[in-house]
Each structure stands twice: as structure tokens, then as C-alpha cells.
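The form predicted on its own is given below as one chain in C-alpha cells.
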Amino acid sequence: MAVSRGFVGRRPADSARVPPGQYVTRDFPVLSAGPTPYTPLDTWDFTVRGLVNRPVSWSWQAFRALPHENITVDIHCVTKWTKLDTTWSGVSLDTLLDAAPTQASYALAFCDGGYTTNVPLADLRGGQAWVVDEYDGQPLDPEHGGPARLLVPHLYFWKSAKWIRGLELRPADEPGFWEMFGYHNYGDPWKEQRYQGD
């Protein structure tokens, strides 16, 4: 795992907002398993496929035309940092999934660079998750997952897959990249589900 920014500016944790074992940082550390992909916007698309009647895709232009929401959330990395009050803009997964009716129970997010992560579909619905393309009022930098990343703030941040290109909807769960290397299959920060067996 490459770490390209320091962990500076720790603050005492607010136990009501910060899960056990976490510390608060003002920085936004960048951790990646490989090189940062740089995808031209004219070739980017987002696809919902798998257990659907037909796959649905949006080009960058079509995605940007979808209703966007502004989101302010705390994020929690499995490496123990928490960043409070992060601000994003993106499209609710409810909007994207409504275009692809399914009987699936799970989603496997797939991304540029070959990264994948698994999330129960129930955790992507009900206003809990977004595909975001702006951070702090600016287009999302590639180092933070731009042009678009998944945002599932109630789970550890590795579930908020960077460089997302779509979701494969599945009837059964299938571990993603970090899950196959021993990370917890679900990743609830309030239960400290960091690794298998936690």
C-alpha cells in the first residue's frame, strides 16, 4: 500500500462521532494499492450490470446531468484516521439503482485499475451511498478517486471505492480486492471490523 501524504494534525476524538480506535485528522491521507489511474472524461462511463434485465450505462455527460446532492459526512479509514465534516457532491445510489431493477442482494463495485469491493445492496440504498464527483466544492482529484468514487460513509473508507466505473449486482456475496487479502467482509467502523475475525 502506498501512502503519499503524511498523517498530520491529530485531534482528540469525539466519542459520539469517532468510532473506537480512531483518531481525528485535518489532513486527507491518500492510500492506494497501485498507481493512480487517469481516465479521460470522454471515455468514462458508469454501468450497472449483472442480475438486471439489461445493463444501464451513463456517459460522463449523462452522469453529470443527473440530480446531484451535497453531502457532509464523517469518513473513517481502516488505518485508524477519521476526517470530520467532509463535503461532497454526487448522485445518490438510489437514483442509479432505480434505473436497473434487480432481485440481487449484493453489489461488487468495479473500478479503473482493477480494484473491486463488495457491499450488500441494502447498504447502498435509502440515502446511504453516492457516486461522488466533487470534494470540497471542486472536481474530485484523481488521487482521491476522481473523476468519481463510491461514497459509503457508514462503512470503513476502503468500501468507498476510488475510480469507480460501475456495480455488478449479484445474488450472492463475493469478496473484493482487500477482502480477499484479509480485510473484514463488511467493515463496520463502530464494531471495529477491520480484518477477518474482528
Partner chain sequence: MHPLDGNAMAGVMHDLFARDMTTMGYQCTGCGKTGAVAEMAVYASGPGTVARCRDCDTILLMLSERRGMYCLDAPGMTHAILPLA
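None of the values given here were measured: they were computed from a predicted structure. Positions refer to the first chain, counted from 1.
If you look for the form predicted in complex with the partner chain, you will not find it shown, but the lines that follow are about it.
- Residue contact check for E143: one or more of its heavy atoms lie within 4.5 Å of the partner chain in the predicted bound form.
- In the predicted bound form, the partner chain sits within 4.5 Å of a heavy atom of L31.
- Interface membership of V78, defined by any non-hydrogen atom within 4.5 Å of the partner chain in the predicted bound form, is confirmed.
- The shortest heavy atom separation between F181 and the partner chain in the predicted bound form is within 4.5 Å.
- Note that among 63-71, 132-140, 164-172, 32-40, the stretch whose heavy atoms approach the partner chain to within 4.5 Å in the predicted bound form is 32-40.
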